[in-house]
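Single chain ahead, written as structure tokens, the form predicted alone.
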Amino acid sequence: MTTNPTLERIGVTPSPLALLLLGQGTDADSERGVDCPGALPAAADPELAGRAAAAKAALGDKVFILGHHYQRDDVIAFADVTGDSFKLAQQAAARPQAEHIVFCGVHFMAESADILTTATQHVVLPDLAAGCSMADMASAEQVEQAWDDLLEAGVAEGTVPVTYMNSSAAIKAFTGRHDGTVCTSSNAQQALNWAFGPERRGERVLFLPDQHLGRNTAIGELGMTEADCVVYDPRRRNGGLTVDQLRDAKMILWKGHCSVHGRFSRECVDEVRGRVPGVTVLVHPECKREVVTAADLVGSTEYIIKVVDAAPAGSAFAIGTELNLVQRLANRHPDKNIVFLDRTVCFCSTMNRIDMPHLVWALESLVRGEPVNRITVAPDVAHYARKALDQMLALP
């Protein structure tokens, strides 16, 4: 342990756990670029991995485990398929022989899997507290009130709802009832082209619930301007907008965002360019507009993975997305310099609710014939949500 002159001067003997005084000293363990200060602790029970493997083997083809890219590595190790939210839901639907779908992700993803799978399949979410802060920023009641505001303003008829995959089944059902579509970060451009195109002839889009993905797609891909976009705030009367603002807008963006991606800033980009020579800044379109315009490359989770995998040895990347994925890419490519875009932003707290104790509990419960945490979507909600999801599948 290194000594600290300041502490010695005042007669204090530092313990191994002593905090650094502000502005004095460094801690290599908390400044590794892609690691969160204070790494995730090891599982309390070292036998958990063995128990998970035994339960999975006992279930055989009856269980299919899906792991989102943002899950922790010890959970991902047991996933039959890894991917983004919609890819995983599609994979679940493609496994009708699996009685149990264990979804290592968050609640809205498990809902989509339930909608797309058969009535005889069980979708299990190991921890019901694994939600999504973005999805929670738009409730069904709030969105219905927003539509009432559009009706009162006389602009609802020409408005097409488009909801991001990161939304509840109820929001997807709202979208389906109003002949809209779901989108992902990889096909948002196609979704908007469809909404404004000859099939729907929309005058404007109500984009739910992530304002940044909607704005970045509209401006960066469709050539719109900031003036074409307004933000509807569900906590304000009429969303804080006038009738003229609603009528003139091409994009009515819901005031929602991802708690991880929304924290990246232009300063993060400038700082990493000064710190890492020749770095390529690669960010997710859920980031703020100022970050996207300052980055070199922008794309979905799957896009980020493909870019890094295809890059030559010696490449340097600063990646603006969830930390588990960035760390995994860094470990997979030791011949490349891969760092997290912002040293102060850590893991997605809700994604990390799915841990080994919860996964083992879920699997062993299935072995006993006692499924826990089954996710079910009401039939009327599932019907219209499926309509919106099918429309997304039909996008060119």
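In this text, residue numbers run from 1 along the sequence as written. On a predicted model such as this, the values are computed, not experimentally measured, just so you know.
Not pictured, yet referred to below: the form predicted in complex with a small molecule.
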Note to self: For a quick test of understanding: in the predicted complex, does each of 108, 166 and 185 have a heavy atom within 4.5 Å of the small molecule?
What the structure shows: yes
Item checked: Segment that reaches the small molecule in the predicted complex - one of 78-86, 110-118, 226-234, 288-296, heavy atoms within 4.5 Å -> 78-86
Note to self: To verify the annotation, which of these, 142, 280, 300, 189, has a non-hydrogen atom within 4.5 Å of the small molecule in the predicted complex?
What the structure shows: 300
Next item on the list: Could you spot which one of 351, 360, 63, 66 gets a heavy atom to within 4.5 Å of the small molecule in the predicted complex?
Entry: 351
Checklist line | Contact of residue 70 with the small molecule in the predicted complex (heavy atom, 4.5 Å) | finding: yes
Check: Using 4.5 Å between non-hydrogen atoms, is residue 172 touching the small molecule in the predicted complex?
Finding: no
